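Before any questions on binding or motion, here is one chain by itself as structure tokens, the form predicted alone.
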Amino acid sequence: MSQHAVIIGGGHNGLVCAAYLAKAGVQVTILERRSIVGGAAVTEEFHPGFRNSVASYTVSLLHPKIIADLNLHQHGLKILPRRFNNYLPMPDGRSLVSHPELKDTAKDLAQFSQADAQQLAEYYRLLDEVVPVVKDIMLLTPPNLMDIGFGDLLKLFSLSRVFRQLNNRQKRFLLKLFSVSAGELLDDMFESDVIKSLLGFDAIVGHFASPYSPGSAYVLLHHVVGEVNGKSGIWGHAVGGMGAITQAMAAEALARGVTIQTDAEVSRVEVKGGRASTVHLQDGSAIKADLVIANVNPKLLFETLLDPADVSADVLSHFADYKCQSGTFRMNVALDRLPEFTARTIPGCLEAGIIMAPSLEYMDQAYTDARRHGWSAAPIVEMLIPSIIDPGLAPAGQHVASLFCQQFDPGLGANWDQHRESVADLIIDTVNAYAPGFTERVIGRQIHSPWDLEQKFGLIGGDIFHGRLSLDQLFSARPMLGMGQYKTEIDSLYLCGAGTHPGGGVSGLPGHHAAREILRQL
């Protein structure tokens, strides 16, 4: 196969797409703007002797097929499961620990509500019944539907053999997940704030919205479909940070003959005779291509890298309104010792995701504050301390912590430069309220506001998913009706990033699917 494909962006989906194309005999060149490949899944030293994942920070969605097909374990990738999923400290000194085993979580929850402890099994039973359908759909190329509504969802779901095996009650629950808010779903099922907060947190991760925003229940679902080392519904840590994943992918791509150029920022994609023909770089050089594959936010592609004259008015109008708004503020901190929480802890629970947001109402208020004032007065913070299980990330006896913080208005744009440090202080103070003395333990920090995430990684609006996960931007409509099959309206121009089905997270599936569809058409 003599085709030459140029992939714009060396994030994980671009690497995956390149590896599959190269195996099929396509000549592939990856152009990466930064000096290192990996996109938002990279590991950096941010303080002398302290390394951590910079943006993306935990593993669950990375698909086992991609791990196997790209020989990632042979290239050194090692993923360690967390002993506990989440730890939720409460202001009254109690806490809820989410264990790998449901019965243990239910036992812990009983201190807050016996009814909720019993109901938890029903909640997970319902999810377990419908999650296989979503996993099945995630592996498909969406059909080219004309409209997106419940009727079209049923058409899409009907492609899944698993969906056809569901009974009517299960189908109703699945459709409910795509229409209602996470808050409504959880309020209907539980009575205690602590379990609603622990479960509802997943609905606002990377989603600039209230947990009571319609459709947010799907975002909750999007975060529970993963697995680590064959065990579903748990999260893990890549030894060496998230960069270990993308470096293993790059190693396999190189082994298959892929050319990777770093410090190679693309300025524009030239379209000649209705097809993408040449990729121009900022340094003035140009590369001719038979195929151009964009592993960047589709909004960035259509509004910045293409001449508006080469794009239809309909597409330009669509991407002018395309929603990219994560509301994420991402920090790494170097600690001279572990934090000590005033709430109850159990051995090993600090390996978990530590969620500091005691209720859905707290999360709703955080979003309201951010919409009105730019950021929440009481932020939502999830902290991970990966150096507990991966001590090589920090000097002996010291630690690194990821602070993944929600509800910060991406609409402030460059104005975040004026507020970055003071908001970082607010986040540290928020953690300090749960773990007194935390402030004094911080000896270094790396700060990424939504604007920083956009400037550094090309995440428009700081959007970690390359586009909001809402019904109008999912499945066949991701990123636009007519482009859900990874091909744009311009001949030989394709999409392979998180702005395509099945969406964001470090899964590798958009890159895998794009390669599959491209090869079918060659």
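All of these numbers come straight from a predicted model, not from anything done at the bench. Residue indices: 1-based, along the sequence shown.
What follows is about the form predicted in complex with a small molecule, which we do not show.
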Is it true that Gly11, Ser56 and Leu453, all three, sit within 4.5 Å of the small molecule in the model of the complex, judged by heavy atoms? yes
Contact residue in the model of the complex, from Val26, Leu61, Leu493, Leu474 (heavy atom within 4.5 Å of the small molecule): Leu61
Residue among Trp235, Trp416, Phe190, Phe319 with a heavy atom within 4.5 Å of the small molecule in the model of the complex: Trp235
Considering only heavy atoms, tell me if Val506 and the small molecule come within 4.5 Å of each other in the model of the complex. yes
Considering non-hydrogen atoms and a 4.5 Å limit, does the small molecule approach Glu265 in the model of the complex? yes
Exercise: Gly497 in contact with the small molecule in the model of the complex, heavy atom 4.5 Å: yes
Taking heavy atoms and a 4.5 Å cut-off, does His47 contact the small molecule in the model of the complex? no
Which one of these stretches, 71-79, 418-426, 168-176, 299-307, sits within 4.5 Å of the small molecule in the model of the complex when only heavy atoms are counted? 299-307
